[in-house]
Each structure stands twice: as structure tokens, then as C-alpha cells.
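What follows is a single chain, given as C-alpha cells, in the form predicted alone.
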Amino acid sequence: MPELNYDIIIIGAGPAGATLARLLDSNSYRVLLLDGQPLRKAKPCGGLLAPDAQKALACFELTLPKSVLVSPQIFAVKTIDLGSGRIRYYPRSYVNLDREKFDRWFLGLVPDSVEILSANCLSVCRSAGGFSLKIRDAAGSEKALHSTYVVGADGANSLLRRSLFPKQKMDAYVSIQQWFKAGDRNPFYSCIFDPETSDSCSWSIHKDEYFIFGGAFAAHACREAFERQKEKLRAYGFHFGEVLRTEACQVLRPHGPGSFCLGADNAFLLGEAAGLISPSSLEGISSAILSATWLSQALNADPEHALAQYRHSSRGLRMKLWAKCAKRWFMYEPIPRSLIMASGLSSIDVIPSGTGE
């Protein structure tokens, strides 16, 4: 099978891969972007654009088209601690969107000079002068590729990280999410803590005519824990009904500086594949865009020293994510969380519907 040759192959066409493909110098590199999303099930995601991600878009003067937005836009999170039974509302500036449409819009920003191929990467290994990859395209045909540089923008369960950096171990959860008909219930966004079923968090959000519930759980007996948590939430007014769709994937949780792996020897990792995701909120879009921006700048300026420059540029982000490990302790440990919620610090009072003017 003859190999097709490229300068850079990017595995994954989410916000990280699409940003890198958009910013690389097309006069210097022949770039292939592998988009495996059309060939897989949708990734579980609350689909909320956090302030850090909004800021990352603003740096490029990017504005969201109406087509990626969903209704309603919600301005507070209903935080529920099932351990203590406390409920608090906290103001939040998220944008509610359709994550799949957002990713497709973002991919549409990639210039025509970049070749985009709907394909899954089956294997990647080092070879003479670079890297050899085997892929399977949408028609089921397998192809052999070769590149000088390879970039993993393929998420938590990154094939590139597992293949080239097998000693890099990261804490991981299974993210499970289900879709239901919204019915006539009042729309809300919630963040749920339940130390009996998970030491991470769960969430719910309304999107147009749908209600979504999801959470991050330890891999062992994750589905059982998910269902137990759903049963507990019925006492808090949650009505789930018929399951329309169930999604699941791996999600990472960095726990310190050793959780991040940016790459080595002309192989690079971006976004969550590199461990660049918030350990407190599990938000990763902002880190995906920023890490791809820094790598593009490094490769465009001096490819021979790109990794060193990428490490330097991302140092502040890695320190910020490491610092959020401390924030995570206050959020996820039952006693400090219960004390913070009991104090009402930074919370807002919600006036029940029908009691105001």
C-alpha cells in the first residue's frame, strides 16, 4: 500500500485540531486534518461555552452565528449537594449552544488549502523521517499515510498519546449523558455533587425541546452509579422519562504538573489529549483553542525548536490548571463544599415564579 505524504497530519478536528489547521502557514506546510467525528457517536458534552472559551474566541474576533445557539440562555447554576441536601444558585455567564453544530462551524473556518478527510486513525508509529499512520475513511477503505510532524488533537482517549507516550498515565472518568424530551418543565442548568456515586460532578441543561442529564463517574460500575444518581434526583424534582439517546466517553482530570504531556520529537499533543482540561469544571474548549494557537505560532516561526516554544507559551496555562486542583478540593470534598454552600458565599437568592411583580 503506497503512502501518501504530508508535512503535518492532525488527528482530530474538534476545536483544537481545527484551530491548528486554520492557523498553520499553508505556504510552508502541506496539512491533512483527520476528522473522525462523523464516523463516531456524539461526544457527551453539556454544550456550554464558558467565559474562558468566550475570551479565546474574542482574541480572534470570532462571533458565534445564530445557528449554533440553542434556547434558553440561562444565567445561574442550580447547585445541588446530595450529601448535605443543600441547594444554592450561583450566577454564571455561559452561552448555551449545540456542541455538534459549534464544532462543524469551527471546522468550516479552516481554509481550503488544508485537506480535510473524514477518517478514523487506526495506528500511528515512528518511521524513517517522521511518522506512519494507517487510517480508515468513510467508505471503509484503509490508507497508509506519512508525515514529518504529527499532532494529536483527539481528546481524552488519544490514540497518539497511547501509541507514542504509553507511560503517560492520567486520571480518567467515564462521562455518561442522556437526552430526554423537555416536556413542560421550567428550564434550568444544574451542577450536582453526590459523594456516594462519584467524586466528580454531574450536570443538567435544557436545549430547545430537550433536557440533558450527564455526569463523570469512576470507570468501575459507572452505569450503575449513573442510574443510582438519577433515582436520587427524582426527590429534587427531576423527571427523566423516556431515554432518547445515551452517550459515553472518557474524560481526563489533571492532578498536577505530571498530568500534562505536550509531546516530543516532532509529535505534539493539544487540548485534552495533552491533559489540558480544567480539573474543577472539566471545561476544555478554551485550552484546546489556546494550545493550538501556541503550537501554530511555534511551528510557523521555528519548526526545529517548536516543542520548546510550545512549552514556554503554554506554561501559564499549565500553572493555572494546576492551581485549579486546589480549587477542586474545595468544590469536591464534602466538608468544605458543605461549609461554603452553608455560608451562601457568592450565591444569589432566587424568587420563585409567580411571587414577583
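Numbers follow the displayed sequence, beginning with 1. Only a predicted model underlies this, so the values are computations on that prediction, with no experimental measurement involved.
This protein has a second form, the form predicted together with a small molecule, left out of what is shown; the following refers to that one.
For the three residues 77, 190 and 233, a heavy atom within 4.5 Å of the small molecule turns up in the predicted bound form in no case. Using a 4.5 angstroms limit between non-hydrogen atoms, residue 20 is distant from the small molecule in the predicted bound form.
Heavy atoms of residue 131 never reach within 4.5 Å of the small molecule in the predicted bound form, leaving it off the interface. When contacts are judged by a 4.5 Å heavy atom cut-off, residue 151 does not count as touching the small molecule in the predicted bound form.
In the predicted bound form, no heavy atom of residue 9 sits within 4.5 Å of the small molecule. Residue-level contacts in the predicted bound form: of 201, 119, 170, 222, one residue has a heavy atom within 4.5 Å of the small molecule, and it is 119.
For the options 253, 99, 88, 206, the one in contact with the small molecule in the predicted bound form, meaning a heavy atom within 4.5 Å, is 99.
The stretch from 77-85, 141-149, 173-181, 225-233 that comes within 4.5 Å of the small molecule in the predicted bound form, counting heavy atoms only, is 173-181.
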